[in-house]
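Shown next as C-alpha coordinates: one chain only, the form predicted alone.
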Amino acid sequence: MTKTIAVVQRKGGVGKTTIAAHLAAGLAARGETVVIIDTDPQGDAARVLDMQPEDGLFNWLTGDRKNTSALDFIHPVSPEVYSTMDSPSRGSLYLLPSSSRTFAIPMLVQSPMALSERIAAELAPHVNRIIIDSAPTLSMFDASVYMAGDAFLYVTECEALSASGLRDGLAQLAQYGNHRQAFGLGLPSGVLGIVPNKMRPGTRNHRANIAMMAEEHGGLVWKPISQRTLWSESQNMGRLIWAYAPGSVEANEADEVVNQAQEVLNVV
(Lines give C-alpha, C1' and ligand atoms only; values in the text may rest on other atoms or scores of the structure.)
Protein backbone atom coordinates (compact mmCIF):
# COMPACT_ATOMS: atom_id res chain seq x y z
CA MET A 1 0.00 0.00 0.00
CA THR A 2 1.34 3.42 -0.98
CA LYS A 3 2.18 5.70 1.93
CA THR A 4 2.53 9.47 1.72
CA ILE A 5 5.02 10.93 4.18
CA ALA A 6 5.18 14.70 4.71
CA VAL A 7 8.48 16.10 6.01
CA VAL A 8 7.68 19.24 7.97
CA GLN A 9 8.92 21.93 10.33
CA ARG A 10 7.70 25.41 11.13
CA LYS A 11 11.17 26.97 10.96
CA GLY A 12 13.51 27.44 8.03
CA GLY A 13 17.12 26.35 7.90
CA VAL A 14 16.76 23.14 9.91
CA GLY A 15 17.73 20.84 7.04
CA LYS A 16 14.19 19.67 6.26
CA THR A 17 14.70 19.44 2.50
CA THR A 18 18.01 17.61 2.94
CA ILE A 19 16.31 15.01 5.16
CA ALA A 20 13.34 14.70 2.78
CA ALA A 21 15.62 14.12 -0.20
CA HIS A 22 17.75 11.57 1.65
CA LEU A 23 14.70 9.70 2.92
CA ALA A 24 13.20 9.53 -0.58
CA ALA A 25 16.49 8.54 -2.20
CA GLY A 26 17.33 6.02 0.51
CA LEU A 27 14.01 4.24 0.01
CA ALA A 28 14.55 4.27 -3.76
CA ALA A 29 18.07 2.88 -3.39
CA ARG A 30 16.60 -0.05 -1.43
CA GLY A 31 14.26 -1.01 -4.24
CA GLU A 32 11.18 1.17 -3.91
CA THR A 33 9.63 3.49 -6.48
CA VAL A 34 9.48 6.90 -4.83
CA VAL A 35 8.23 10.35 -5.80
CA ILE A 36 9.25 13.43 -3.87
CA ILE A 37 6.69 16.24 -4.19
CA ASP A 38 8.07 19.69 -3.50
CA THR A 39 5.36 22.00 -2.10
CA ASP A 40 7.81 24.76 -1.10
CA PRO A 41 7.77 27.76 -3.49
CA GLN A 42 11.55 28.03 -3.04
CA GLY A 43 11.93 24.82 -5.04
CA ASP A 44 14.95 23.65 -3.08
CA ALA A 45 14.22 19.94 -3.43
CA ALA A 46 15.20 20.21 -7.09
CA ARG A 47 18.47 21.92 -6.24
CA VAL A 48 19.38 19.30 -3.64
CA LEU A 49 18.80 16.64 -6.31
CA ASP A 50 20.94 18.51 -8.88
CA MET A 51 17.90 19.61 -10.90
CA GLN A 52 16.16 22.90 -11.61
CA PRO A 53 13.00 24.27 -9.92
CA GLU A 54 10.05 24.54 -12.25
CA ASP A 55 6.28 24.83 -12.25
CA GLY A 56 5.50 21.12 -12.18
CA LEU A 57 3.30 21.11 -9.08
CA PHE A 58 1.54 24.32 -10.14
CA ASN A 59 0.83 23.07 -13.66
CA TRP A 60 -0.35 19.70 -12.39
CA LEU A 61 -2.87 21.02 -9.86
CA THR A 62 -4.11 24.02 -11.85
CA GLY A 63 -4.06 22.55 -15.37
CA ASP A 64 -6.62 20.64 -17.40
CA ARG A 65 -7.13 17.44 -15.45
CA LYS A 66 -8.79 15.69 -18.40
CA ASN A 67 -5.67 15.88 -20.54
CA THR A 68 -2.82 15.59 -18.02
CA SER A 69 -1.73 13.46 -15.10
CA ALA A 70 0.99 13.63 -12.48
CA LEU A 71 3.13 11.37 -14.67
CA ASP A 72 3.40 14.24 -17.17
CA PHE A 73 5.15 16.44 -14.61
CA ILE A 74 7.48 14.14 -12.69
CA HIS A 75 11.14 13.83 -13.65
CA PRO A 76 13.49 10.94 -12.97
CA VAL A 77 16.38 11.69 -10.64
CA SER A 78 19.71 10.39 -11.89
CA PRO A 79 20.97 7.50 -9.72
CA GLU A 80 24.39 9.17 -9.84
CA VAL A 81 23.00 11.81 -7.47
CA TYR A 82 22.31 9.36 -4.65
CA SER A 83 24.12 6.06 -5.30
CA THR A 84 27.41 4.67 -6.56
CA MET A 85 28.51 2.05 -9.09
CA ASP A 86 29.61 -0.16 -6.20
CA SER A 87 26.19 0.14 -4.58
CA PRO A 88 23.70 1.00 -7.36
CA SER A 89 20.11 1.98 -6.72
CA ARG A 90 17.70 -0.94 -6.88
CA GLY A 91 14.63 1.28 -7.28
CA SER A 92 13.62 4.56 -8.90
CA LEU A 93 13.36 8.13 -7.66
CA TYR A 94 11.27 10.87 -9.26
CA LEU A 95 10.70 14.54 -8.50
CA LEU A 96 7.55 16.61 -8.92
CA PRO A 97 9.22 20.04 -8.76
CA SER A 98 8.04 23.35 -7.40
CA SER A 99 8.74 27.03 -8.04
CA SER A 100 7.54 30.45 -6.92
CA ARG A 101 4.16 29.94 -8.64
CA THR A 102 3.36 27.22 -6.09
CA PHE A 103 2.39 30.08 -3.78
CA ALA A 104 -0.65 30.79 -5.98
CA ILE A 105 -2.08 27.25 -6.03
CA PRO A 106 -4.52 27.77 -3.10
CA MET A 107 -5.93 30.85 -4.83
CA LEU A 108 -6.71 28.84 -7.97
CA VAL A 109 -7.56 25.44 -6.47
CA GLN A 110 -10.13 25.92 -3.74
CA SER A 111 -10.44 22.39 -2.41
CA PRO A 112 -7.86 21.31 0.21
CA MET A 113 -8.64 17.76 -0.94
CA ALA A 114 -7.24 18.27 -4.45
CA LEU A 115 -3.70 17.16 -3.66
CA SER A 116 -4.83 14.09 -1.75
CA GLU A 117 -7.34 13.08 -4.41
CA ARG A 118 -4.89 13.45 -7.28
CA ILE A 119 -2.14 11.59 -5.43
CA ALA A 120 -4.56 8.70 -4.90
CA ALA A 121 -5.74 8.68 -8.51
CA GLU A 122 -2.56 9.43 -10.44
CA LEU A 123 0.49 8.54 -8.33
CA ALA A 124 -0.45 5.87 -5.81
CA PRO A 125 -1.12 3.20 -8.48
CA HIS A 126 2.44 3.58 -9.79
CA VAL A 127 4.70 4.14 -6.75
CA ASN A 128 5.45 2.68 -3.31
CA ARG A 129 6.21 5.88 -1.39
CA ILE A 130 5.45 9.57 -1.79
CA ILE A 131 7.55 12.06 0.15
CA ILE A 132 6.20 15.62 0.47
CA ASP A 133 8.77 18.32 1.15
CA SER A 134 6.67 21.06 2.77
CA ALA A 135 7.22 24.79 3.10
CA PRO A 136 8.81 26.00 6.38
CA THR A 137 6.32 28.84 6.85
CA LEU A 138 2.57 28.92 7.29
CA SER A 139 0.71 29.07 3.99
CA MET A 140 -2.73 28.52 2.53
CA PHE A 141 -1.43 25.23 1.08
CA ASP A 142 -0.89 23.71 4.53
CA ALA A 143 -4.37 22.17 4.64
CA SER A 144 -3.67 20.30 1.40
CA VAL A 145 -0.41 18.88 2.76
CA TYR A 146 -2.01 17.82 6.03
CA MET A 147 -4.90 16.13 4.26
CA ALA A 148 -2.55 14.30 1.89
CA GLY A 149 -0.06 13.01 4.47
CA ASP A 150 -0.50 9.56 5.97
CA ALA A 151 2.42 10.21 8.33
CA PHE A 152 4.60 13.17 9.26
CA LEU A 153 8.33 13.32 9.83
CA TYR A 154 9.43 16.36 11.82
CA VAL A 155 12.93 17.76 11.44
CA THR A 156 14.21 20.00 14.20
CA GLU A 157 17.46 21.63 15.16
CA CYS A 158 18.66 21.09 18.69
CA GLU A 159 17.84 24.67 19.64
CA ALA A 160 15.02 26.16 21.72
CA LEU A 161 13.42 28.09 18.83
CA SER A 162 13.34 25.03 16.61
CA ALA A 163 11.80 22.99 19.44
CA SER A 164 9.10 25.65 19.68
CA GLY A 165 8.42 25.25 15.95
CA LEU A 166 8.15 21.52 16.53
CA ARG A 167 5.45 22.02 19.13
CA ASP A 168 3.55 24.32 16.76
CA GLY A 169 3.76 21.74 14.00
CA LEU A 170 2.53 18.94 16.22
CA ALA A 171 -0.37 21.11 17.35
CA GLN A 172 -1.26 21.81 13.72
CA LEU A 173 -1.19 18.09 12.95
CA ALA A 174 -3.57 17.43 15.85
CA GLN A 175 -5.89 20.08 14.45
CA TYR A 176 -6.02 18.51 10.98
CA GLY A 177 -5.50 14.87 11.92
CA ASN A 178 -9.07 13.74 12.42
CA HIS A 179 -10.26 15.57 9.30
CA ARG A 180 -8.78 12.77 7.16
CA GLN A 181 -11.07 10.20 8.71
CA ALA A 182 -14.05 12.52 8.39
CA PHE A 183 -13.38 12.85 4.65
CA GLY A 184 -12.96 9.11 4.16
CA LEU A 185 -9.17 9.21 3.73
CA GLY A 186 -8.44 6.45 6.20
CA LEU A 187 -6.93 6.72 9.65
CA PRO A 188 -5.96 10.08 11.14
CA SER A 189 -2.46 11.24 10.24
CA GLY A 190 0.25 10.25 12.69
CA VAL A 191 3.80 11.17 13.54
CA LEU A 192 6.35 8.96 11.84
CA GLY A 193 9.18 10.39 13.91
CA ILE A 194 11.19 13.42 14.98
CA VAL A 195 14.72 13.88 13.64
CA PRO A 196 17.01 16.14 15.70
CA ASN A 197 19.36 17.62 13.09
CA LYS A 198 22.60 19.61 13.12
CA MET A 199 23.55 18.36 16.55
CA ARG A 200 26.90 19.37 17.99
CA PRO A 201 27.66 16.47 20.36
CA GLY A 202 30.12 18.49 22.42
CA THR A 203 27.51 21.16 23.16
CA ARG A 204 25.84 20.70 26.53
CA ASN A 205 22.85 22.75 25.39
CA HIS A 206 22.20 20.42 22.45
CA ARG A 207 22.41 17.33 24.61
CA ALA A 208 20.03 18.87 27.13
CA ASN A 209 17.54 19.90 24.43
CA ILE A 210 17.50 16.42 22.90
CA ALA A 211 16.96 14.93 26.34
CA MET A 212 13.98 17.26 26.84
CA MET A 213 12.57 16.26 23.44
CA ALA A 214 12.87 12.60 24.40
CA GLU A 215 11.17 13.26 27.72
CA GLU A 216 8.34 15.12 26.00
CA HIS A 217 7.88 12.90 22.92
CA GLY A 218 9.32 9.55 23.97
CA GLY A 219 10.20 7.01 21.30
CA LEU A 220 9.15 9.35 18.50
CA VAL A 221 12.56 11.04 18.78
CA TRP A 222 15.03 9.36 16.43
CA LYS A 223 18.81 9.29 16.68
CA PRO A 224 20.25 12.79 16.07
CA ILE A 225 22.21 13.78 12.97
CA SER A 226 25.46 15.56 13.70
CA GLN A 227 26.43 18.87 12.17
CA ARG A 228 29.36 18.12 9.85
CA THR A 229 30.88 19.85 6.86
CA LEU A 230 30.36 16.92 4.48
CA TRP A 231 26.63 17.65 4.40
CA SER A 232 27.15 21.11 2.88
CA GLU A 233 30.01 19.91 0.68
CA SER A 234 27.86 17.19 -0.86
CA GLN A 235 25.05 19.66 -1.52
CA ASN A 236 27.46 22.04 -3.24
CA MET A 237 28.51 19.18 -5.51
CA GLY A 238 24.90 18.26 -6.39
CA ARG A 239 25.14 14.87 -4.71
CA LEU A 240 23.48 13.22 -1.76
CA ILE A 241 25.77 11.96 0.96
CA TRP A 242 25.86 8.33 -0.22
CA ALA A 243 27.20 9.37 -3.63
CA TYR A 244 29.57 12.03 -2.30
CA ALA A 245 31.02 10.28 0.75
CA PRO A 246 30.04 6.59 0.80
CA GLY A 247 30.93 4.86 4.03
CA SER A 248 31.27 8.13 5.96
CA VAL A 249 29.77 8.84 9.36
CA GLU A 250 27.27 11.10 7.60
CA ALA A 251 26.26 8.34 5.16
CA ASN A 252 25.72 5.99 8.09
CA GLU A 253 23.54 8.61 9.83
CA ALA A 254 21.47 8.99 6.66
CA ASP A 255 21.13 5.20 6.50
CA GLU A 256 19.82 5.25 10.06
CA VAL A 257 17.04 7.69 9.09
CA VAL A 258 15.95 5.34 6.31
CA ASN A 259 16.20 2.32 8.64
CA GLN A 260 14.01 3.99 11.23
CA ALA A 261 11.46 5.08 8.62
CA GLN A 262 11.20 1.57 7.20
CA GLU A 263 10.87 0.07 10.66
CA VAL A 264 7.95 2.33 11.52
CA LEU A 265 6.29 2.01 8.09
CA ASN A 266 6.39 -1.77 8.32
CA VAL A 267 4.25 -1.76 11.46
CA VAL A 268 1.69 0.94 10.59
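Each residue number is its position in the shown sequence, starting from 1. Every value quoted in this text rests on a predicted model; they were computed, and no experiment measured them.
The form predicted together with a small molecule is left out here; the points below concern that form.
With the partner omitted here, the residue from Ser226, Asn59, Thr33, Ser69 that has a non-hydrogen atom within 4.5 angstroms of the small molecule in the predicted complex is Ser226. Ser116 falls outside the set of residues with a heavy atom inside 4.5 Å of the small molecule in the predicted complex. In the predicted complex, the small molecule sits beyond 4.5 Å of every heavy atom of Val257. The small molecule in the predicted complex comes within 4.5 Å of no heavy atom belonging to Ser162. Mapping the unseen interface onto this chain, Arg129 falls outside it, with no heavy atom inside 4.5 Å of the small molecule in the predicted complex. The stretch in contact with the small molecule in the predicted complex, judged by heavy atoms within 4.5 Å, is 195 to 203, chosen from 212 to 220, 59 to 67, 23 to 31, 195 to 203.
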